[in-house]
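As structure tokens, one chain now follows by itself in the form predicted alone.
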């Protein structure tokens, strides 16, 4: 039985045609996946029929036989309540000002159901595999790991028992085992008859979990059919390019540039934070972590969600707290954040996970790239800063034509290139990449990795790469350090770690 059917869906925003005659269907208890490069129209195809995208939609989209296209907001609202929506970034989709229990309650009421009691709310969290569900009802979103936030998002999306779940990149920022766990969770929800419309750039996951797939390119469906057949024997050039760009640990690793003298040494790093409540004990996030990075060397810091990767990286870059331990830069002790020399801040620069969110929406690209120069290179005048910005735009393969654009006018890949240019502005020796490709499709991620490989070789750039994707990290990194529960449990040369993993956490990441 078909739950959701889309036919000849088109979308115009102003004079621009965004979607062209899109068609697909989702059957009861089945999963249809939309895949394609960034800007191909995947998310627009999901949200436009429900009135959740800008522009004017035409064509047909029927949810359980009821037409959505052409309805005004009052008529559309009760039909939209029959669907649930899980968005790509749970950290921003969940309100930071409301507890998890309050947000679940509001999701139920918004879906037209009576307000649930605490036991019912805890059951919702238990349904999606949240440990200690009753205690988690009183937690704030920032206290949860990425995987837990994604489960909460799904719990809120299905709290009112929708007939269709629309999941837009629900696994993009999660480690490999957790990605499978989230899709396994969605599969279990399907057993109750719920239909799933999935947007994803993870083609191996799509092949395992989706029944049907539609491949989009420039707002058109270029290929569709059974997921495993399409992805194993693609017929169109667009699908073949997506499949070929998917990273794999089965292929040989690339030749990496040589490394030089020791650059950064972290010894016995601890990070603790205050517990919740005035009498609560402190919580240890990172414990006794040690590693080194040499000139031109790339170190991957990997681990499951909530293992402490980003907390450790922010501590050693002096962007976050460090309770105990010692940092040395070229053999010299790095003081605390209050007394840190400008030279270290200039030498170590970050590139954050969400490139669009890390850029000021009101600033032009040129202003964002020039900002570090104002603080870290005060010897440059306005003309020299402008020349440096132009050179950096060329270096990250954007060009001077992007200087006057704002973040809203950039694709995800373009925004990530701007973030990389900003990080390179002051001439750092080490950059911190926090999941720098996790939110990008495989084609764009491949181009970003190629750019990073070139910069690594040309600038003799050292890299600390926080990642959940070992296949991506292998294309760039000399060594791998694996974290589990705030500790580095194993580290060594990348290929040796892949061939003979010694710790269960490493084997878990490899799926062995």
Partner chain sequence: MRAILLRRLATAIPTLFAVVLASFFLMRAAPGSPFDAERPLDAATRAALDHAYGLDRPLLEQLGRYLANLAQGDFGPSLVYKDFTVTALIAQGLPISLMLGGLALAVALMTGVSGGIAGALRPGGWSDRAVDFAASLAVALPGFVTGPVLALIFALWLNWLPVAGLNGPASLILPVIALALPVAGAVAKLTRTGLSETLAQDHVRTARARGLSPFAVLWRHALAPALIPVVSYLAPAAAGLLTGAVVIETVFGLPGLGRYFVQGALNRDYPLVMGVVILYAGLILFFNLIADLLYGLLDPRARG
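Not measured: the values here are computed from a predicted model. Positions refer to the first chain, counted from 1.
From this point on, the text means the form predicted in complex with its partner chain, which you will not see here.
- Only one listed stretch (308 to 316, 377 to 385, 190 to 198, 136 to 144) carries heavy atoms within 4.5 Å of its partner chain in the model of the complex, and that stretch is 136 to 144.
- Of the heavy atoms in residue 240, none are within 4.5 Å of its partner chain in the model of the complex.
- Contact check for residue 358: every heavy atom lies farther than 4.5 Å from its partner chain in the model of the complex.
- Contact annotation for residue 291: none of its heavy atoms lies within 4.5 Å of its partner chain in the model of the complex.
- Taking the partner from the other structure, its partner chain in the model of the complex has no heavy atom within 4.5 Å of any heavy atom of residue 485.
- For the candidate set 471, 52, 66, 457, a heavy atom within 4.5 Å of its partner chain in the model of the complex is found for exactly one residue, namely 52.
- The single contact residue among 230, 153, 431, 264, judged by any heavy atom lying within 4.5 Å of its partner chain in the model of the complex, is 153.
- For the partner-free chain shown, 47, 51, 52, 73, 77 of 41 to 77 come within 4.5 angstroms of its partner chain in the model of the complex, judged by any non-hydrogen atom.
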